[in-house]
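This document starts with one chain, in the form predicted on its own, laid out as structure tokens.
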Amino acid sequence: MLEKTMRMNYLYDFYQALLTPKQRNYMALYYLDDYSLGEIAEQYEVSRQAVYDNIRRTEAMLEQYEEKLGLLRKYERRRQIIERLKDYISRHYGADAELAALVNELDELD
């Protein structure tokens, strides 16, 4: 469950601009603020089932966006390459502060 929550949080970060305000609100409350379905339903004066359905549809949409655009996949790949690059620099060019600074600058772009 934690893995799914982390994945949804990342997908939400990347694709939230493509969601409706209602979808953004439900997802933020459920995944970021850890509200229960009942708490969200009470806040929006809808049924728990309506909240559940909306969240499930939104999750499916986020997965479709990722399948088509691959922003999370590319982000994870960049993270892996940057970590390998940092490791390589520390082992072979440890004294080169400028090179390390450039890699850190790249790292901070994400």
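The first residue of the sequence shown is number 1, and the count goes up from there. Bear in mind the structure is a predicted one, so any value in this text is a computation, not a measurement.
The same protein has a further form, the form predicted in complex with a further copy of the same chain, not shown here; the description that follows concerns it.
*Partner contact for F14 in the model of the complex: a further copy of the same chain, 4.5 angstroms, heavy atom*: Yes, F14 is a contact residue.
_Contact label in the model of the complex: R78 to a further copy of the same chain, heavy atom within 4.5 Å_ = Output for R78 is yes: heavy atoms within 4.5 Å of a further copy of the same chain.
_R57, heavy atom within 4.5 angstroms of a further copy of the same chain in the model of the complex_ = Outside the cut-off, so no.
*If you check in the model of the complex, is L2 within 4.5 Å of a further copy of the same chain, heavy atoms only?*
Because no heavy atom of L2 falls inside 4.5 Å of a further copy of the same chain in the model of the complex, the answer is no.
_Residue (of Y31, Y44, Y65, Y52) lying close to a further copy of the same chain in the model of the complex, criterion heavy atoms within 4.5 Å_ = Looking at Y31, Y44, Y65, Y52 one by one, just Y65 meets the 4.5 Å heavy-atom criterion.
*Quick one: which residues from 77-94 get a non-hydrogen atom within 4.5 Å of a further copy of the same chain in the model of the complex?*
The stretch touches the partner through R77, R78, I81, I82, R84, L85, Y88, I89, Y93.
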